[in-house]
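This document opens with one chain alone, in structure tokens, the form predicted on its own.
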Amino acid sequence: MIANVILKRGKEESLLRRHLWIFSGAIARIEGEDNLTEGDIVDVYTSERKFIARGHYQIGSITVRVLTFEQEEINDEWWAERIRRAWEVRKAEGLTDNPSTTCYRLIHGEGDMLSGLVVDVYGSTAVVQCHSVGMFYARTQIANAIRKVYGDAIQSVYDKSSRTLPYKAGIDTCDGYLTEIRSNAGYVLENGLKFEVNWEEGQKTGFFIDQRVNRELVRRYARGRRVLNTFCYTGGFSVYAADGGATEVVSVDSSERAVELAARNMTLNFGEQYPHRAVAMDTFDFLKEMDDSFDLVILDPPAFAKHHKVAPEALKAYKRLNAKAMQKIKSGGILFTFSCSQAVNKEQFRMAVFSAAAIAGRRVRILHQLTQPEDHAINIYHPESEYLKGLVLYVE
């Protein structure tokens, strides 16, 4: 028996605009709440008892994550159809059968009308991350649907949801394969370059796919430059810079494990002889101590703001980080700077960088305004699905 969520009068407006979240403050009451558990499917009605949506119930400020605006059964066929639609988009983007790029995002949550679900493809393995209890309970159906859509092209499906589920859900889970076939972590290709990927132990799903297009732009600007890649993780920007003709690349990350992986990726592509230095150090400390010989600097920090309450502090951190880089970068240098904090919008980030330029006292031009790649689809009705923003700056 599906519980019914009844909205307060007038609170259906966002749903009529096809937004995919229903907040607790919009709800008048829930019929059948006594038998309702987190992750269950619920139907949503207006105050006049008109059906408007069906989705996953969860505990918290976002009470319902909408799956559909139709009264349709959420069964195996439904999952296969949704994943097939996402696959068709990636096929149109030239990603599903590209021999030079064997990793991409198949499902980007709300961008693919599957709120709370992320699926990344690494060769013949699909890695699933559930950000909601409802998606976690459906993970076997999701895995079966992926196999059905891809056929033999996907051999294994790995669930990596233990760190992404809401901590208040109280679900005791561990990561593992959802298919009998298990793939060993190995390397993938991105624009012809090789990267080690360990989806079992690495951050996120194993690799930061969302910077693929922006890494290509670094390759274009790197020739003849001394490059600093901060918050380097697996060294993605470092590899592209080296391939673009950088004279030297320095990769910095606070994690010893990350800089070791960055070094391995550089060796995997260019051998031991390439002038690359991997430094395990806090980026803020490195920027304080560095000289002014770097003329291409990449600032790609983790999300400084996980939610809106800490956005003001995050903006201060972005300002401080960018100001220090602008003070130290060589005249005529190129600065790539990013924010992946969903709670910080493009205008706020740009203002923080503007303030940093003023503090540094440098003349700065914006060369490019960057965002996430095409496989990280942005739902036009759900602007929150656009999270990555970046600027390429020329610093005199």
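Start at 1 and count along the sequence shown; that's the residue number. The structure presented is a predicted model; accordingly, all values stated were derived computationally and were not measured.
Although not depicted, the form predicted in complex with a small molecule is the subject of the following passage.
- For the options 253, 112, 295, 159, the residue carrying a heavy atom within 4.5 angstroms of the small molecule in the predicted complex is 253.
- Contact with the small molecule in the predicted complex, judged by any heavy atom within 4.5 Å, is made by just one of 221, 199, 208, 104: 208.
- Proximity of residue 97 to the small molecule in the predicted complex falls outside the 4.5 Å heavy atom cutoff.
- Residue contact check for residue 232: one or more of its heavy atoms lie within 4.5 Å of the small molecule in the predicted complex.
- Using a 4.5 Å cutoff between non-hydrogen atoms, residue 215 counts as a contact of the small molecule in the predicted complex.
- In the predicted complex, at least one heavy atom of residue 281 sits within 4.5 Å of a heavy atom of the small molecule.
- Across the options 265-273, 224-232, 79-87, 311-319, residues that bring heavy atoms within 4.5 Å of the small molecule in the predicted complex belong to 224-232.
- Heavy atoms of no residue among 38, 75 and 136 are located within 4.5 Å of the small molecule in the predicted complex.
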